[in-house]
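A single chain comes next, written as structure tokens; it is the form predicted alone.
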């Protein structure tokens, strides 16, 4: 056996435990859930095979369509909110002075809080009587703009997008700082000597050299947005009138509130399919942009 084959064997053996755990806890439940999606089942009793009946119902379900639209709002808010803000902060805070380390910790702080705590905090901020937001509007003379931010179906989903963006900026900022610090200083020094302005250096050197990291964060944004559940559940529970319902909360309600396990399983399978389509589309789009 050659040295290359031995190294490859060691790598395979080393990865095998993690691969088995991943298959057991991720792949098998996904297949299991997709299988339940073909049944009309209440969680107990006999299971009735109905083929693609649950999936056909999903296509005609207006609440599912509204949940999907809300999820797409969250995806857009995450991709076009978290990514540029985190990148801008990383560019400003990539040096390691004491002041910048403190600011980094402050930005990263929401990540160490549970989503339930964040939901409670923002619930008080948006509170119509004692909330900070309405008090601030009063203070700056815009009291006529005050309203019940989470009870107005026309704006409630957009208001919920704000804490979602705020919650996940920190980890993406850390990833961008690490990527920026890996850019050889000789390249930036040479471009500065050649007279490159800051914006030219950003778009011609820094962003292209961390492009792979940006693609990874966008994939994480999309996949994380489609499984958003706890923060929305704490703040609104999907209401009023399903105006803030997401696919994950709709799946949860069908499965554990009204005991439609088959339909809930079909929704969870649909979330995976939609997530894969969006991620594949984003990767294809970004690959074209690099040409």
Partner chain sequence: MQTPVELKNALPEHRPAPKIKLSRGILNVLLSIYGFVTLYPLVWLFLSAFKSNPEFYEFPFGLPKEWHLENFADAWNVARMGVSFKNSFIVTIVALILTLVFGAMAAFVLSRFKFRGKVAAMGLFLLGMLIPIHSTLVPLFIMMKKIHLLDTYGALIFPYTAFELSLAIFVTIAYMSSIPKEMEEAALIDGTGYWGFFFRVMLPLSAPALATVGILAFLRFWNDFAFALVFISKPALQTLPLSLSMFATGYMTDYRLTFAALSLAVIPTIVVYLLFQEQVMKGMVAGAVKG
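Remember, predicted model here, so these are calculated numbers, not experimental data. The term rigid core refers to the most C-alpha atoms you can superpose between the two forms while keeping them within 1.5 Å. Positions refer to the first chain, counted from 1.
Another form, the form predicted together with its partner chain, is not on view; read the next lines as being about it.
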Answer among 64-72, 51-59, 237-245, 258-266 for heavy atoms within 4.5 Å of its partner chain in the predicted bound form: the stretch 258-266
Answer key: of 120, 187, 207, 142, within 4.5 Å of its partner chain in the predicted bound form (heavy atoms) is 120
In the predicted bound form, does every one of 159, 200 and 203 come within 4.5 Å of its partner chain, counting any heavy atom? no
(Q) I'd like to know if residue 14 sits close to its partner chain in the predicted bound form, meaning any non-hydrogen atom pair within 4.5 angstroms. (A) yes
I'd like to know whether residue 180 contacts its partner chain in the predicted bound form, with contact meaning heavy atoms within 4.5 angstroms. no
_Residue-level question: is residue 285 within 4.5 Å of its partner chain in the predicted bound form, judged on heavy atoms?_
no
### Query
Taking 4.5 angstroms as the cut-off for heavy atoms, does residue 38 touch its partner chain in the predicted bound form?
no
Of the residues spanning 221-254, the ones with some heavy atom within 4.5 Å of its partner chain in the predicted bound form are 223, 227, 229, 230, 233, 234, 248, 251, 252
**Request:** Look at residue 56 and decide if its Cα position differs by 2 Å or more between the shown form and the other one after superposing on the rigid core.
**Result:** no
>> At a 2 Å cut-off on C-alpha positions, does residue 29 qualify as shifted between the shown form and the other one after fitting the rigid core?
In response: yes
